[in-house]
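Shown next as C-alpha cells: one chain only, the form predicted on its own.
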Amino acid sequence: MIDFKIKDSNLEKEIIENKNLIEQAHDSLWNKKGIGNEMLGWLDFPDNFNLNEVNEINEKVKKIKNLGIDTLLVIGIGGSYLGSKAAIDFLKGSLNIDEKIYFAGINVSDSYIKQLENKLKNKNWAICVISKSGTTLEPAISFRYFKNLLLKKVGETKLKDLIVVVTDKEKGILKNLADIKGYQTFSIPDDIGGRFSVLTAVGLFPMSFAGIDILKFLEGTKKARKEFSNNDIKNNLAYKYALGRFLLFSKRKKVLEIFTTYDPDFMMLSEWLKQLFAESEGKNNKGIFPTSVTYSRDLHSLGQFIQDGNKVFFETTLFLLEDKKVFLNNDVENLDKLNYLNKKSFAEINRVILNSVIESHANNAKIPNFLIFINERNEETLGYLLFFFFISVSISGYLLRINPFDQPGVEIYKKNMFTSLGKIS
C-alpha cells in the first residue's frame, strides 16, 4: 500500500544502532502502560468498530439524499474538520467535491460566513455538526447561525431530518440540544481524542456523504494495525519513521519537519498531519514544528529557502505513484518547443520533478528526506496511511517522554477568549 525510504544513509545506520530505544515506547503503546493511555481507544478501534453504527451512518446518508439533499454543511474545527476534509480531497479530488460539501466552524470570519450563505442559498442542504462538548465557540456559533438559516428554508418539521449531530454519547450541551430537538446523533468515544477521531463518525459521516466506502476505509486501518504492532525496526515502517524523526531532533537538532506533497489533493492531508504532530508533540518545550509545502508551486517560492537557507529542518515527502495517462498533444508548429515531452505523461513529468528535488535537497543540500510512496489512491490505502501516522506520532511522543494524547495548550486561548467575551458559566 505504501513504500517507505530514507534519503540519508547515515540516518539508516543510526536507526538500527538505536533500535533499543523503541522497546519501551512499544511497551507503553501496545501494553497501554504509558502516560495518556486512557486515550488509546483509537488503537483497538479497527478491530472493534461497531458495524451497526457504520451501517446506520450509511443509512442516514441515504435517507437525507432521498429527500433531495445534494449538499452537506459540515460544522466543526480541528480534528472535527481536518480528518474528513483530508480524506475527501484525497479520494475524491479537491476540485470534484466543490459544491457538494462545505465546511464551517473553522473561523469566525463574517466574510466567509456570508460567502458560504450565498453558496447555500439555491442548494438543497443538510447540516452535520461535530463537537464533543458543544462548547467550542467557533463551531457553536456557526451551528446556531446556519441552523436558523436552514429552519427558515425548510421549517421546523423538516429540520430535524436534515441535522445530524456527532457529539458525546451521554452528556454535553450539543447532546442535550439534539435530544430535545430530535436530531439523529452519532457518538464520539470518550477515549478517542479529536485528532484521532477520523476513524469514528466524526470522519465517517462526511466521508459517507461524499460517496466514500467507509467500511473499506476501516479495513485499511485494520490492516495497518496488524502490520505495525511488532517492534521489529527493520519491518515496522511506522517505528522506523518515528525513531528517525526522534534521532534527527535529539542528535542533529532538526526542529522543523516539512510535509512535502506533489498533488493539490494532498494539501488537506498535510494540514491534518500538522495538527496530528503539533498537538501530540508540542509540549514541555519539546517537539518538532510541522509545516508543509506543495510542489511544484512552492518550489518557486519557498524552494529558495529550503535549498539554501538555514538547515534546521528535514522533509517528509508523500508521493502518489498512480498515472492517469494524461499526455500533451503533439503540436506541428512546436512554437513552445515542448514536443520533446509528447511521449511523457504528466505523472511521469511529476516523477522527474520529484527525483530532481530529491537530488537537489537530499544529495546537494544534505537535507534528510523520508519518502512515503502511495501506490494507489483508494479507501483502504487511505485508512492504512492514516493509521501509519497514528502509530508513528504515538511512538514519537513516548520517545520524547511526553503525553502524546492531550493538548493542554489549546485550552489557554479559550479561557482568555471566554473571559473577554463575558461568558459567565
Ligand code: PA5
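Since the structure is predicted, the reported quantities are computational estimates derived from the model, not experimental observations. Residues carry their position along the shown sequence, with the first being 1.
Another form, the form predicted together with the named molecule, is not on view; read the next lines as being about it.
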Exercise. Heavy atoms within 4.5 Å of the named molecule in the predicted complex: which stretch among 119-127, 187-195, 205-213, 323-331?
Worked result: 187-195
Exercise. Does the named molecule come within 4.5 Å of any heavy atom of I77 in the predicted complex?
Worked result: yes
For this session: Report yes if any heavy atom of K132 sits within 4.5 Å of a heavy atom of the named molecule in the predicted complex; otherwise report no.
Result: yes
Exercise. E315: heavy atom within 4.5 Å of the named molecule in the predicted complex?
Worked result: no
Problem set entry | Any non-hydrogen atom of S345 within 4.5 angstroms of the named molecule in the predicted complex | no
Seminar exercise, completed: Checking D89, D263, E257, E279 against the named molecule in the predicted complex, the residue with a non-hydrogen atom inside 4.5 angstroms turns out to be E279
For this session: May I ask you to choose, among S94, T294, N350, Q275, the residue with a heavy atom within 4.5 Å of the named molecule in the predicted complex?
Result: Q275
For this session: Could you run down 392-407 and flag each residue that has a heavy atom within 4.5 Å of the named molecule in the predicted complex?
Result: Q407
